[in-house]
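Here's a solo chain for you in C-alpha cells, the form predicted on its own.
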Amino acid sequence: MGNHGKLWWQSGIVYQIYPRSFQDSNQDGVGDLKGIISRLDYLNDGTKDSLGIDAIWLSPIYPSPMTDFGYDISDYKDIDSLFGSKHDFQELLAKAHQRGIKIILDLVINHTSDQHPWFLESRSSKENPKRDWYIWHPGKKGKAPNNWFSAFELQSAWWWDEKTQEFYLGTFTRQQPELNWRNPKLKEAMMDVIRYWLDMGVDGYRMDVVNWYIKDDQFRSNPWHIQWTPPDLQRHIYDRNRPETHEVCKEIRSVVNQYQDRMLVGEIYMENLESVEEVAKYYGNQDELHLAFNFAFLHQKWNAACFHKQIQRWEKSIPQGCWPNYTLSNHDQARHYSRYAKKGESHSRAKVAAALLLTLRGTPFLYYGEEIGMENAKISRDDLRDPLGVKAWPFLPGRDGARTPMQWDNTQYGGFSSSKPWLPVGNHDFSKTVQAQKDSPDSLLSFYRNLIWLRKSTPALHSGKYEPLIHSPKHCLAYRRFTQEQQICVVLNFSNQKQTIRLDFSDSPCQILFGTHRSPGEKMPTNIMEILPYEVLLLAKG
C-alpha cells in the first residue's frame, strides 16, 4: 500500500512519454531510452525542483517495421535498436526505480506486425500450426466476408493473401494482422510475453485497444452508422466490444496478480465517446483492469457544466471499490492546450485544466509537454508520418501534430536533438520550453510542479473522496476532496468573468492552500465567494 492506504497507481501521477519524441541521445533525430534516462531528474529527482511524477508510461519500444510507429510489433521480447538495447531498458528500469518512478509498458496484443514470425508462419500454409493464431476467412464468392472497416486505411479491413487464397483481418492497416484470441495456444504465448517483462521488473501495462481483442465468431457485418466526432461509419457490434473480451481481461489480470504491486490500465476506445458506462464494465468485479481509460475529457468543450456532467457520470459508472482516472491529452488526440486555446486566455485556461486534472479523485495521466503548454503542431504534407494522417490528408489531420519533439530550450531543434528530428519541432516560441519556464513562478511548468508536490503532501487530494459542491454549475466547478482528517475545497472558474458562488463548505473562513490570484495562507469565506476570471483556488477547512 502507498499513501493513505492507496496503491501507487491510485495515489500517484502517470506521465506518458512518446519515446521517439522525448530526448535523442545519439543525434539520429529519434528519441531513445538513453535520452529518457538523461531526463529522469527532470521528471522526479525527489525535490520540488522536479516535476514530481510517479510513473512513466512508454509508448511501444519493441522491434517493429514502424508502419504504425511501434504499434506493429515484430518481436514482443526485445527492444528496437532505434531506441537502444535491452541493456538500456534495464538501466532505465533501475534508474527510474532508484528515483521512485514506476515503468509502465505499452502492451499491444490485438495485432502484430505482418513481419512477426508468428504471422510469417501463419500465412505460409493453411496447415501451419500457427494458422489459427490469426483471423483468416475464405471470403464470400471472392469478396470480403463482411463490412468490417480498416480504421487507418479507410477501406475494407480484410486483406487478400494470394499464396493461401484467403483473407486475413487487419483492422488498422494491412501490415497489422489481427490475432485470434479464441486460440488457446496464442493465448498461452501472450501470457508468456506478459510474464517476461513483469519478471524483468516492469510495474504494469497500458493495454492497447482492449475492447477489440475478440471478434464475432459468425463474422456478421456491423450496421452502418455515420457520425462525425470521432469520425466513424459503423456501430461496432461485431468487431469490437464482444462479451468474451471480459474473460480475456480476467485471464490477464490473474497472471498480473501473481506479481506484487503491478497494474493494468486499458484503452477502451468506443465509437460513442459518451459510453463511459460501457468503459467502466472493464473494471469487472475488481478482477479485470485496475484502471479503464476514460476519454471523455479528450473531446470535451470548454464548459464547466459539461465537465461536471462527465465527472458525475464517471463517478457513478465505475464499480464500487474501483478507482477512476482522467486524462486531457495523449498520442492519438490533439493536445488540450490547442483544443482550449483562446486568444489572450490560453495560458489561464491551461492552468484551470491542469488544476482539474490534478485535484479530482482518481489517477491523473499527463502527456509529455503538456506541463509547458506544448501545442498541436501544424505538419506539412511532406512531413507527415502517421499512416492515418497520410491516408486521410487533407480531410483529417492525423496524429503527428500531437507527437512533435519535446521542447527543452530555444536551440534549433528545441534541445531534443542536434540533428533534424523525425518530426518538426512544433513551436519555436521560446516561452514554450522547459528552459524558459523552470525558474518563472508564473509559468505553466511551475504551476504543474507546485500543484503536483502539494497533491503529494495532501492526503485529501491524492487519496480522498469526492463530492460536488455545485450541482448545476454554469461557469465554476467546486468540489470537496476529503478524508476523515482533512477537507479541501477546490474552486475552478472556467470563465473570463468574475463569478459569485454560494457553497456549503464551512461556517468559518478557510485558509488558501494554493491559488492563481491569491496568496497561500490568506483567509477566505466559503459561503458566498467572489471568484476572479479563470481563478483556481484550493481551500483548507479547519
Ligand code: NOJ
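A residue's number is simply how far along the shown sequence it sits, counting from 1. Predicted, not measured: the structure shown is a model, and the values here were computed from it.
The protein also exists as the form predicted in complex with the ligand; that form is not presented, and the subsequent description refers to it.
Engineer: With the partner left out here, check for me: in the model of the complex, does some heavy atom of residue 335 sit within 4.5 Å of the ligand?
Structural biologist: Answer no; every heavy atom of residue 335 is more than 4.5 Å from the ligand in the model of the complex.
Engineer: At the 4.5 Å heavy atom threshold, is residue 209 in contact with the ligand in the model of the complex?
Structural biologist: Yes.
Engineer: Taking heavy atoms and a 4.5 Å cut-off, does residue 176 contact the ligand in the model of the complex?
Structural biologist: So residue 176 counts as contacting the ligand.
Engineer: How about residue 403: is it within 4.5 Å of the ligand in the model of the complex, going by heavy atoms?
Structural biologist: Within the cut-off, so yes.
Engineer: Suppose contact means a heavy atom within 4.5 Å; in the model of the complex, does that hold for all of 135, 181 and 213 with the ligand?
Structural biologist: The answer is no; none of 135, 181 and 213 reaches the ligand.
Engineer: Can you work out which of 239, 166, 267, 114 has a heavy atom no more than 4.5 Å from the ligand in the model of the complex?
Structural biologist: Of the candidates 239, 166, 267, 114, 267 is the one lying within 4.5 Å of the ligand in the model of the complex.
Engineer: Between the options 331, 351, 123, 187, which residue brings a heavy atom to within 4.5 Å of the ligand in the model of the complex?
Structural biologist: The residue in contact is 331.
Engineer: Tell me, please, which stretch of 472-480, 64-72, 30-38, 497-505 lies within 4.5 angstroms of the ligand in the model of the complex when heavy atoms are compared?
Structural biologist: The contacting stretch is 64-72.
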